[in-house]
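Next up: just one chain, as structure tokens, the form predicted on its own.
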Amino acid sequence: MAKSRTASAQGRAKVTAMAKPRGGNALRPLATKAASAQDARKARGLERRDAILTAALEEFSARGFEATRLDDVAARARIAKGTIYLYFRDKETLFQELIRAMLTPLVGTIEALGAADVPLAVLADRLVDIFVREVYETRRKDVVRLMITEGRRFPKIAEFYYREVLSHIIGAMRAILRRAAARGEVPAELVDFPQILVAPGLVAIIWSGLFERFEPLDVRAMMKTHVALVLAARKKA
């Protein structure tokens, strides 16, 4: 009987051993495979979203907001029109997300510079380089140009642009000018008008779309000249 109990115990141990996962968790490879598939789907979704935004920029730049059709955006992105609605509610939402995707990283960079307590001449030189490299020499200038041409006719889009982009940039510029005025680098009155500091950027974008082929503009040199004039005004005073 003792022998029978021993055999029975050995059998139960064998069954238990067979039930235990070998090499760790036997479900782990399945979980890893599922996670990999999920990551791949997520990556494809992000790629498709980026493709829609890229196509939207092309269409909006070529046709303007009103004339752009989602059918044309879908055709350019090589997707079905219905796919756009998986990512964007309507054309206005698509335009807003285009603004956010293109300009929000740049806004963060400018806000970080706005918090730096360094001489205005140093900050301005850095801001000019950022504008030329990250806006004027990229497709971001097309988004800004679209706002210049379309904002008045579509107030909701203008409001979105102001809230998401322009108000942050103006806030950063005002903080820079406030510290510069406290150091005596610029007139105190300039703090109320940060638009003066960024105006050459808008002039450059408008000029590039209308007159560049007639008279090329050295944007970097123009903007640095503008900063020099602003600083010189305080020295003369």
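Sequential numbering from 1, following the sequence displayed. Keep in mind the model is a prediction, meaning the values are calculated, not measured.
Separately, the form predicted in complex with a further copy of the same chain exists; it is not shown, and the next lines address it.
a further copy of the same chain in the model of the complex comes within 4.5 Å of no heavy atom belonging to R139.
The shortest heavy atom separation between V143 and a further copy of the same chain in the model of the complex exceeds 4.5 Å. At a distance threshold of 4.5 angstroms between non-hydrogen atoms, M147 is in contact with a further copy of the same chain in the model of the complex. Contact between R69 and a further copy of the same chain in the model of the complex is not found at the 4.5 Å heavy atom cutoff.
Segments offered: 127 to 135, 86 to 94, 114 to 122, 148 to 156. Contacting a further copy of the same chain in the model of the complex at heavy atom distances within 4.5 Å is 148 to 156. Contacts between 182 to 196 and a further copy of the same chain, taken as any heavy atom within 4.5 Å in the model of the complex, involve P187, E189, L190, F193, Q195, I196.
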